[in-house]
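So this first bit is one chain, no partners, the form predicted alone, shown in structure tokens.
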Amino acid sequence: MLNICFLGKSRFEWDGKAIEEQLGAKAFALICLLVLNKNRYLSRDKIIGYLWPDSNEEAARYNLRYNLWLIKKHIGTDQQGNAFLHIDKECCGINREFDFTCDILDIMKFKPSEEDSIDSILKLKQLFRGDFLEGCYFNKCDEFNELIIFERINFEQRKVKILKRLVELYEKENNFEICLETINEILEIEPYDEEMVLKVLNIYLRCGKRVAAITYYNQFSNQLAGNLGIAPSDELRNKYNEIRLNLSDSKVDTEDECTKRHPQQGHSLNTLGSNNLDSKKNGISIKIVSDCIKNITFFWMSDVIDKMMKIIDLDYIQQLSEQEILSLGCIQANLLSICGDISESYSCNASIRDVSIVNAFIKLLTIVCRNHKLTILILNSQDLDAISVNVVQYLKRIQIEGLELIED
């Protein structure tokens, strides 16, 4: 049985034995050409134009005959007695009756259908071990090298198509965590795919994570503006405006909708980080695991704000004054990304005094504690920065109702 892999490091196996070294570079380049044109035969002149463009006619035809002989020598007949190649005086091609496996052929056959399963799509995804003919370059074969570059782009697009089908299947099963991971893979290839960005927003909404949706939109919008100088599409902007309008009317859910659908997954969406929400009779008890870095001023407070804003409703932040939001924005820029109306005027400078930042931080904690029991676990508390040490001591003295600080 012949098995061929062109994605990543090229591999040729005949009856379980590697034969790349016996074939040589030009032989597997010839096989590659024939596989890409599996459903039609290539003329000898066309093949020579790809692989021996600088050779005289006699030398080029000899090189082609030698490599055809080399292939026939190392790749025998299949179980039905079919030879791998079909060769005549004018043309060469893959014998359509020959039984073999090839990664790129399996990928080229893919067409989305109702019969697709997650397992079948994952098997196709696993075939993408790297670029098409990764690391290969053929000296003085410009047309063939251009073909390699074209096919790399082609198979990258085919990978996106396969991943999008996988997203649809995960979404159909409400498996939102892996769905988001798969979308991230797509966006690594096509970072400005607004269809996928819109899908991310909808998934966050279905999971009750409106603040995360707003944050994600603003990050994408800034990326578009900074790298391409354009704004998001009307459809994406309309979705963003819809989220912002609905957010102020929404209430904190007593249970994450994703957990309702998948209790075994818990709160594992990327936006939650190490936070944990426990449903209580009197609302939600919010637990935040925070960290410290000793010599970075405000680091602990910044970490608490970052993790808290991924849980709480945007309405809590909007209860702060514009100046208070700008003050906190000096130590946690992500807060500004969900408050687009004022972030345009934001400029952190010396006029924002430490006392303003501390007062705004305490006020935010007080607002949250009006509706929830807030527990903050402080990891590595011995590394609290100097200002945060004083803030923690002050919070323990004033004893905000509903706030518990635990130092580890």
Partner chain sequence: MHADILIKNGNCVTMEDKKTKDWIAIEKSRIVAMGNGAEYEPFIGNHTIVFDAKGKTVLPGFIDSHFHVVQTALNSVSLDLSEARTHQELGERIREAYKNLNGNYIRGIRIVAEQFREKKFPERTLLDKYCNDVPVWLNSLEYQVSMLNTYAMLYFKIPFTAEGVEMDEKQMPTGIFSKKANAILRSNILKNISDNDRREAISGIMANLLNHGITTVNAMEGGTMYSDKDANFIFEHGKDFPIDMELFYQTMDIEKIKAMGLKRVGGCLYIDGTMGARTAALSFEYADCPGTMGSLCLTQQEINDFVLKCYENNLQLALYTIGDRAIQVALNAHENALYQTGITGLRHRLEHVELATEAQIEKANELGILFSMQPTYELYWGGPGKMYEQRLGENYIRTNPFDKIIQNGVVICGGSDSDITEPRPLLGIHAAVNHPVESHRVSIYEALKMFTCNGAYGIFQENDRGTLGVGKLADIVILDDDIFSVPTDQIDKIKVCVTIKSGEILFNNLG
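The shown structure was predicted, so the numbers you read here are calculated from the model rather than taken from an experiment. Heads up, when I say rigid core I mean the largest set of C-alphas that superpose within 1.5 Å between the two forms. Positions refer to the first chain, counted from 1.
The protein also exists as the form predicted together with its partner chain; that form is not presented, and the subsequent description refers to it.
Peer 1: Only one of 121-129, 152-160, 302-310, 202-210 has heavy atoms within 4.5 Å of its partner chain in the predicted bound form; I'd like to know which.
Peer 2: In the other structure, the partner sits against 152-160.
Peer 1: I have L320, L336 and R397 flagged as a candidate spot, so tell me whether each of them has a non-hydrogen atom within 4.5 Å of its partner chain in the predicted bound form.
Peer 2: None of them does, since no heavy atom lies within 4.5 Å of the partner.
Peer 1: Are any of the heavy atoms in N227 no more than 4.5 Å from a heavy atom of its partner chain in the predicted bound form?
Peer 2: Close contact exists here: in the predicted bound form, N227 approaches its partner chain to within 4.5 Å, heavy atoms only.
Peer 1: Is T101 part of the interface with its partner chain in the predicted bound form - any heavy atom within 4.5 Å?
Peer 2: Residue-level check for T101: no, no contact with its partner chain.
Peer 1: Would I148 show up as a contact with its partner chain in the predicted bound form if we use heavy atoms at 4.5 Å?
Peer 2: Yes, I148 lies within 4.5 Å of its partner chain in the predicted bound form.
Peer 1: S113: heavy atom within 4.5 Å of its partner chain in the predicted bound form?
Peer 2: No, S113 sits far enough from its partner chain in the predicted bound form that none of its heavy atoms falls within 4.5 Å.
Peer 1: Looking at K73, K294, K140, R96 here, can you tell me which has any non-hydrogen atom within 4.5 angstroms of its partner chain in the predicted bound form?
Peer 2: Checked against the cut-off, the match is K140.
Peer 1: In the predicted bound form, which of the listed residues (S117, N82, N222, N184) lies with a heavy atom within 4.5 Å of its partner chain?
Peer 2: Only one option qualifies, and that one is N222.
Peer 1: On a rigid core superposition, would R237 pass a 2 Å threshold for CA movement between this form and the one not shown?
Peer 2: Yes, shifts by 2 Å or more.
Peer 1: Would N95 count as moving between this form and the one not shown, using a Cα shift of 2 angstroms or more after superposing the core as the test?
Peer 2: No.
Peer 1: For L228, decide whether the Cα shift between this form and the one not shown is 2 Å or greater, given a superposition on the rigid core.
Peer 2: It does shift by 2 Å or more.
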